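Heads up, the chain below is alone and in the form predicted alone; it's given as structure tokens.
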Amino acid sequence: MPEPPLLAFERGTLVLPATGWDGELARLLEGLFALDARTGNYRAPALCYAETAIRLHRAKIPFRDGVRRFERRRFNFTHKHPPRPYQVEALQKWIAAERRGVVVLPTGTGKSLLACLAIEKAGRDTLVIVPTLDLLEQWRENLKNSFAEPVGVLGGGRREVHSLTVSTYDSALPFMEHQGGRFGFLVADECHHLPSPASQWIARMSAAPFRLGLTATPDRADGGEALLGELLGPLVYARGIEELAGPYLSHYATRQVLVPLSAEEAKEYRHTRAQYLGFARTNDLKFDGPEDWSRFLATCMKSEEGRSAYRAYRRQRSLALSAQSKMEALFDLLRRHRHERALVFTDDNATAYHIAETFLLPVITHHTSGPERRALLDDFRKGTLPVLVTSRVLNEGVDVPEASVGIVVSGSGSVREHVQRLGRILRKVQGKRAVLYELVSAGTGEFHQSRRRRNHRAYQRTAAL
């Protein structure tokens, strides 16, 4: 009796022999596998492992499994407090969706606790992937304290693999190409990063049948969130900031502070804006989406006139984002909240450093070393440093429950970024009332950009000052 065919794993793909099936395999696995003309075998992304095994088992077709290298595990999660009702609901919805799917919960509502409950229920070797080294350390500590298991680490110069392992997205990508069958449960924290052109291959090259995506804001500027269903499973549960504020998050308010440009700034702003918009009209360029922006950049680089138009665009944007009156408004807000812990957000490093030098405040950017960053955050939590200035690096993945005031000096048009910044100040602390201020230059394109990024139900609690 011939030996059953081998379902193999090869560089992030599944491979099945194309011979000896009399066309039966092609019909059975239609939509999953394609014939690889280079090798004469059928090939599919490792992502298709669970569905492949199910179809073969249902058809009573024997095969040798050369993909699965994960084991059933009994992870005992000992949590001190019972899960909150919404965490129980989310877990139940995920289980009902065959232990695949995405859960959307605001920052500070216990997504990591939900993941630990899911790890216990999945009972498989588990890989947690995270976007930053800060989150890598937070998850390593969390898993180590939650389970009586050694915790492996991939990232930051370390390569240790255990039944429970946490990895950065960057380190998981080359690992999955060769070890995609090692884990049966894939947890993607901040999973809105996963659909990027490179990171999505982590999920595609993983054979994990069970998957969980966690995020506070799944939306992406490029619409890539539509891929999450394919990579992780459907959206199974979602709760918003406005639903959980009070019982589980701090009460909060948002304030839009309109500030004027000076007469000199306004004159230069109008001139530079007219210059770049005139160039765009002459070349029939629009600004309705990411492709339009790429087209604008490509056209600008073709001539000196275009390069001048791009410099004009940069200058008018800088004038709006870094108006001098914003510094005055920032000073007033810091003085008003001098007895509270405040985070000051900017869109770029230059503005962050300018604020830090103007007000003699500590600053964290992507240039800040790991030890210095940890020291600054520790001093902020203790109250030794009541104010921290940052560009975009604290938008996500930082736990600072003591922060009650957020001041957005400048930002992108991203709704996700704005919700992330709000989430930084909402962790529940007894008696805390949080407030997020947004400084906006009146009469500029920033005003319309602000209106777009505030297009989220969490920002219905707003008033202009």
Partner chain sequence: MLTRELLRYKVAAGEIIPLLLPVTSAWLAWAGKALELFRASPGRNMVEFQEETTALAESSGHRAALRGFFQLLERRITLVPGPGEDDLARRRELLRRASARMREEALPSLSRWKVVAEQELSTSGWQGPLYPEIPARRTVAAFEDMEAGALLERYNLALVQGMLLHAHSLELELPGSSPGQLRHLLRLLRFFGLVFKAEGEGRRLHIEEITEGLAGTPRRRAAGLASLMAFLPQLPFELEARLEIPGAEPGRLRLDGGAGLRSSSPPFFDYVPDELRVFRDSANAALRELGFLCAEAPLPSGAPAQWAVPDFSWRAPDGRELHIEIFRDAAPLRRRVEQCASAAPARTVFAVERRLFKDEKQTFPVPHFTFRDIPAPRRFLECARAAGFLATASEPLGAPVGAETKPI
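Small disclaimer: the values here were computed from a predicted structure and weren't measured. Positions refer to the first chain, counted from 1.
Omitted here: the form predicted together with the partner chain. The next part is about that form.
Asks: Quick check on this chain: which one of 85, 82, 383, 247 has a heavy atom within 4.5 Å of the partner chain in the model of the complex?
Replies: Looking at 85, 82, 383, 247 one by one, just 383 meets the 4.5 Å heavy-atom criterion.
Asks: Find the only residue in 362, 195, 306, 155 having a heavy atom within 4.5 Å of the partner chain in the model of the complex.
Replies: None of the others qualify; the residue that does is 362.
Asks: Looking at the partner chain in the model of the complex, do all three of 170, 331 and 338 come within 4.5 Å of it through at least one heavy atom?
Replies: Yes, because 170, 331 and 338 each have a heavy atom that approaches the partner chain to within 4.5 Å in the model of the complex.
Asks: Mark residue 353 yes when one of its heavy atoms lies within 4.5 Å of a heavy atom of the partner chain in the model of the complex, and no otherwise.
Replies: Flag for residue 353 set to yes.
Asks: May I ask you to check whether residue 416 falls inside a 4.5 Å heavy atom distance of the partner chain in the model of the complex?
Replies: Output for residue 416 is no: heavy atoms all beyond 4.5 Å of the partner chain.
Asks: Just checking whether residue 427 would be counted as a contact of the partner chain in the model of the complex - the rule being heavy atoms within 4.5 angstroms.
Replies: Close contact is absent here: in the model of the complex, residue 427 is far from the partner chain, nothing within 4.5 Å, heavy atoms only.
Asks: Looking in the model of the complex, any heavy atom of residue 263 within 4.5 Å of the partner chain?
Replies: Contact with the partner chain, no.
Asks: For the interface check, one of 385 to 393, 132 to 140, 231 to 239, 101 to 109 should have non-hydrogen atoms within 4.5 Å of the partner chain in the model of the complex; which one?
Replies: Contact-bearing stretch, as computed: 385 to 393.
Asks: Can you tell me which bits of 200 to 216 touch the partner chain in the model of the complex, meaning any heavy atom within 4.5 Å?
Replies: The stretch 200 to 216, when checked against the partner chain in the model of the complex, contributes 201, 205 at the 4.5 Å heavy-atom cut-off.
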